[in-house]
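This document opens with one chain alone, in structure tokens, the form predicted alone.
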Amino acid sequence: MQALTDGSRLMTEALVKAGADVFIGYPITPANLLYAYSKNRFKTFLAAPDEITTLQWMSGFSISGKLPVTATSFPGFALMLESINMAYMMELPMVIVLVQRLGPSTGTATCGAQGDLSLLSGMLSGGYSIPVIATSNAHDCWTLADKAIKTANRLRTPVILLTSKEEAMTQFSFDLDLLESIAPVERKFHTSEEPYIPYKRDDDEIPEFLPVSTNKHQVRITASTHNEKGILEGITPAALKNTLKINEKIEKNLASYLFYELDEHPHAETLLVSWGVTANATREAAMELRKNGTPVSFFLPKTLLPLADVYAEILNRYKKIVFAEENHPGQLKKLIYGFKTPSHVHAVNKIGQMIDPQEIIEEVKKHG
């Protein structure tokens, strides 16, 4: 069935079907369609007075056993950072949809960009990672929203669903029959008769969860450095071990939320790399180059943080690499290679405008 829709509607529907039951938000362009749709779709909808309050309320709902969602853009996300650090340390499941727009500062609210990846890679004090999953097309808006909820629930962690203005707000005709069914997440809480230890971990370093509303066990949820019982201990060995285990949990379970697309040509020496909304132009450029006799491969990472080892394995197979990103510094390229880009790695970058496939084609031809 063909329908006129947009990425915001697909994400909203998928989040609800996946089991998210609370939306809390403060309207901001270009995330305002998610706010508007969620008002009619979520069981509970709260309009917060600001973004700081949004994350505090989300934490409260998460502690009580709900799966909360919000949507924002950079100015609002910046105000959420302290509370995101708190939710990470408390190990609270929630999803934050971050719709990128042109910056810095308040930038241009009606102009898209891919400018927030560097921020996300350093948003936690201590340099740890929260799962960041990026959409690249309409289908991703559906499937990855589902995966974000399932990941947040299983790992007891905030998850960032990263998208952009064009993906979230542009209307398009789409065949809804192409969308897979989504089953609601299964919430599993501590059921043992044994005392509940809030940060005692299983073999995957994931602690059991129990809402504070329970009357059977004491539940202690703590944001400061704490041991497995949730007791503040400063920098004792037990407390520092628990802090490291939170990061280990995110990295150890990366395979469960690792998503990427790889289209390799058997004779290609050049690899095109992109993410998010620019992936469409990059994929089109790859098809055009192949049609005209230049074999190239195409790589689209969708799980952007933490970076997976398999990404390095893919990149290391190619003599020439071209990154396409709608930001000036080339944030994914810098995240992978650091401050010094190798001589065989090239880039197409732009701000204020989407990248045209022809610009990628010209960059490939420039370097043989």
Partner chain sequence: MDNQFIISETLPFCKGCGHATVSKSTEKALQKLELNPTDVILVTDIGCHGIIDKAFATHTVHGLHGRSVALGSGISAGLNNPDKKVIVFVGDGGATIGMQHLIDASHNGFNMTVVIHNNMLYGMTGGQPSEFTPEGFKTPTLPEGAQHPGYDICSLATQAGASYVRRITAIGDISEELAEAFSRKGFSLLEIMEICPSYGVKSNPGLKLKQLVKDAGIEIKIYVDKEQKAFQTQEMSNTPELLTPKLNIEKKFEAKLEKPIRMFLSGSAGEGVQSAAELFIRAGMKSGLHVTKKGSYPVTVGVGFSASHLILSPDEILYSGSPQPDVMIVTSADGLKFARKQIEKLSEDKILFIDESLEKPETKAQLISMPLRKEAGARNAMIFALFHYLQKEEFMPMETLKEVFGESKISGNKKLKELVESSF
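Numbering follows the first chain given and starts at 1. Keep in mind that this is a model prediction, so the values were computed, not measured.
Below, we refer to the form predicted in complex with the partner chain, which is not included among the displayed structures.
Student: Suppose contact means a heavy atom within 4.5 Å; in the predicted complex, does that hold for all of Thr44, Met169 and Val212 with the partner chain?
Tutor: Yes, because Thr44, Met169 and Val212 each have a heavy atom that approaches the partner chain to within 4.5 Å in the predicted complex.
Student: Counting any non-hydrogen atom inside 4.5 Å, which residue from Leu119, Ala109, Leu262, Leu254 sits next to the partner chain in the predicted complex?
Tutor: By the 4.5 Å criterion, the partner-contacting residue is Ala109.
Student: Identify which of Lys249, Lys147, His190, Arg283 has a heavy atom within 4.5 Å of the partner chain in the predicted complex; exactly one of them does.
Tutor: Contact check passes for Arg283.
Student: Using a 4.5 Å heavy atom cut-off, which stretch among 69-77, 267-275, 174-182, 127-135 contacts the partner chain in the predicted complex?
Tutor: Single hit among the candidates: 174-182.
Student: Check whether Arg156 has any heavy atom within 4.5 Å of a heavy atom of the partner chain in the predicted complex, and answer yes or no.
Tutor: Taking the distances in the predicted complex, the answer for Arg156 is no, it never comes within 4.5 Å of the partner chain.
Student: Given that the partner is absent here, does Ile52 sit within 4.5 Å of the partner chain in the predicted complex, heavy atoms only?
Tutor: Ile52 belongs to the contact set for the partner chain.
Student: Does any part of Arg220 reach within 4.5 Å of the partner chain in the predicted complex? Heavy atoms only, please.
Tutor: Result yes; Arg220 sits at the interface with the partner chain in the predicted complex.
Student: Determine whether any heavy atom of His346 comes within 4.5 Å of a heavy atom of the partner chain in the predicted complex, and answer yes or no.
Tutor: Contact with the partner chain, no.
Student: Suppose contact means any heavy atom within 4.5 Å; which members of 331-368 contact the partner chain in the predicted complex?
Tutor: The stretch touches the partner through Met354, Ile355, Asp356, Pro357.
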